[in-house]
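This document starts with one chain, in the form predicted alone, laid out as structure tokens.
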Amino acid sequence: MTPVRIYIVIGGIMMKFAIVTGASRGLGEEVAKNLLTNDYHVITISRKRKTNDFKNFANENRQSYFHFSCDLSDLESLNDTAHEVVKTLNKNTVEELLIVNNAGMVTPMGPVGTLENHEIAKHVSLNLTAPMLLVNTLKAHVEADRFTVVNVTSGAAEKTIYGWNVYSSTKSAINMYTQTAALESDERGTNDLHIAFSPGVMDTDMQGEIRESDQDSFKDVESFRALKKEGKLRSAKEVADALQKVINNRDQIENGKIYRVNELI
């Protein structure tokens, strides 16, 4: 017989919440939907919205859903949004808070000296600074029995790729941030988990952006075009399902680990 976990809580029912950034399409959308079918109340943060679609899906699964519109590369706007999310969460008794930092960008692509400085700054803000600020704010202001962070990374974090000096650098940095946050959690004896998830090559809009680049900006563009032609791109749904298996087995998660989709499927 499966044991039943019972919580006695004064002032509210224990609830599992998940925050997913960049959930209007691709991997983020599929991750958010999977979480709604796995007993999480979901909060999405993105510029674009699919509010009605998610609300209907959440209702079908008897979960609550909230959306906050925000350009995550605008750090002042992100700070304001993060505190609005805190207010929403603190109206409830949070058993678990899961944060999936999925929002990201691959542009600008090109060798050093050919890029616009403001594009580099926007990229670093979205891919690196935004996840750090969001996690820091929520950890500081939300009480949760379990705190779990998934930072979406890339294989580009672990190798040099011509034209990806910005993208590879931010993904490498997010890996180190993940590992350091995990070390701090272990040293402090908290119930926090920090992992990175490398989704591999997927059939998403970002892949489309990569294929539209030229060899002067990105020397490996032809190999990415070939992946599409040869049907070697995984669907976002398949990748999201692999991540959900990791999330569902929280007790088996290795703190600070970089989980790679190729090792999960």
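Each residue number is its position in the shown sequence, starting from 1. The structure displayed is predicted, hence computed values, not measured ones.
The same protein also has a form predicted together with a small molecule, omitted here; what follows describes it.
Residues placing heavy atoms within 4.5 Å of the small molecule in the predicted complex fall in a single listed stretch, namely 72 to 80, out of 72 to 80, 142 to 150, 90 to 98, 110 to 118. For the three marked residues, 24, 48 and 206, a heavy atom of each sits within 4.5 Å of the small molecule in the predicted complex. None of 85, 135, 103, 193 but one reaches within 4.5 angstroms of the small molecule in the predicted complex through a heavy atom, and that residue is 103. Using a 4.5 Å cutoff between non-hydrogen atoms, residue 166 does not count as a contact of the small molecule in the predicted complex. Taking the partner from the other structure, the small molecule in the predicted complex has no heavy atom within 4.5 Å of any heavy atom of residue 178. When contacts are judged by a 4.5 Å heavy atom cut-off, residue 58 does not count as touching the small molecule in the predicted complex.
Using a 4.5 Å cutoff between non-hydrogen atoms, residue 221 does not count as a contact of the small molecule in the predicted complex.
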